[in-house]
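Only one chain comes next, encoded as structure tokens, the form predicted on its own.
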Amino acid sequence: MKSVDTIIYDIKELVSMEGPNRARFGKEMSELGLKHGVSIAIHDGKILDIAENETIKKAYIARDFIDASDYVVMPGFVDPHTHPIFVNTRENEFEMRIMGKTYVEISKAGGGILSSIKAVREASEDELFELAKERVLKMIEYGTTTIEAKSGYGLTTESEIKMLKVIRRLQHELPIDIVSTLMGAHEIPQEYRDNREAYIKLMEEEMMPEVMRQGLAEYVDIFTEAHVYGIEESRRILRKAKELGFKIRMHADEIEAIGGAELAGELGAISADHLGACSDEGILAMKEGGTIATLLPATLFSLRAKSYARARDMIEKQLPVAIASDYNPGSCNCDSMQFVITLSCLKMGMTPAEAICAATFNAACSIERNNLIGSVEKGKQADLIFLKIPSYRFIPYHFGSNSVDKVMKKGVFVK
């Protein structure tokens, strides 16, 4: 018998997500690889084996045994779009939206992203770290074991690097994997409002090269929208990012269909996010360009949107779909992927199975970590969540509280 660290035995329902090791699309998104009454052997933080209870019992001896007969066990949630590094919350803007102001109106009046910049620039790295640490720990409590985190609330080379260093510290000090993204093109800072070209040159000639030199980010992202960065500006900045060695992501067509999704497909962006107003042409361009559509229904919910991203059309047109929280201080102060799954079902017409695929395996694909996470398969990290619920369908059905009872990261319980 082989010695292992942990055996999880007699699992009531295992959502394995086993299948092709690429972003799932169409009917594949409904195939969860369900197993019942099986066991998992874990060693050195990875899944060594998955088999029938008796098979595991005869083959392995473990230091720890975990009875999962009351649990749905599944991959930890992967949240591939977050903005957790900030100082002040913006609940005043939430109230303004309730009173009838739109996101764009608030932004043009100096609110929105611009209102977060001053405090971030003035805060120390330690202050930002301590604030972000509490937020990320809360996300772990809700079952998220991997996130993508963006800068974008500094908009100077110095402050963007400060934010990215905070993200690196969070990765090193907390039990979660974090993928880092530079988002200097989140807005045009106030001091450059009369000289956009100077700020774009700053990003091209100083900010992006220095971040690459220090190895602080894997991706560059940009807010492509009529009131922020237009298509030609976005094309220019993203091309430069690729020249410097970054991979690219996009905030695209959140409010208006200005061609952001089409640009994402043209440039081969790994992910195009938001897509609340995406056109048919945009869906086709992303499919042809190998871009994953990462949808953020909690943002549109918070903005009181009348319509949502066209998840059903995207799935039926064979475009891979992921979902994310967009956790941020302004438009979406949501840290629960469970609630995002609920909204994906209720507001975008996704089935529970499709939404779970989008929140686990496809989300892992959207940050290019599907070789390590996103499914419960041999050789992958033992990033697991345990839910004391009847079945996976209960996740979107029961909303407003936390159904995650235990969280395991790399074979160790962190909740």
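Small disclaimer: the values here were computed from a predicted structure and weren't measured. Residue numbers run from 1 along the displayed sequence.
Here the subject shifts to the form predicted together with ligand NIG, a form of this protein not shown in this document.
Annotated contact segment (heavy atom within 4.5 Å of ligand NIG in the predicted complex): 247-255, selected among 307-315, 72-80, 167-175, 247-255. Using a 4.5 Å heavy atom cutoff, I113, H274 and D326 all lie near ligand NIG in the predicted complex. Note on contacts: among F339, Y142, F301, F223, the single residue with a heavy atom within 4.5 Å of ligand NIG in the predicted complex is F223. With the partner omitted from this view, the residue of F129, Y103, Y199, Y219 that lies near ligand NIG in the predicted complex is Y103 [heavy atom within 4.5 Å]. Taking the partner from the other structure, ligand NIG in the predicted complex has a heavy atom within 4.5 Å of a heavy atom of R90. Contact check for G330: a non-hydrogen atom falls within 4.5 Å of ligand NIG in the predicted complex. For Y153, a non-hydrogen atom is located within 4.5 Å of ligand NIG in the predicted complex, even though that partner is not displayed. Although ligand NIG is not shown here, in the predicted complex the stretch 182-215 places heavy atoms of just one residue, H186, within 4.5 Å of it.
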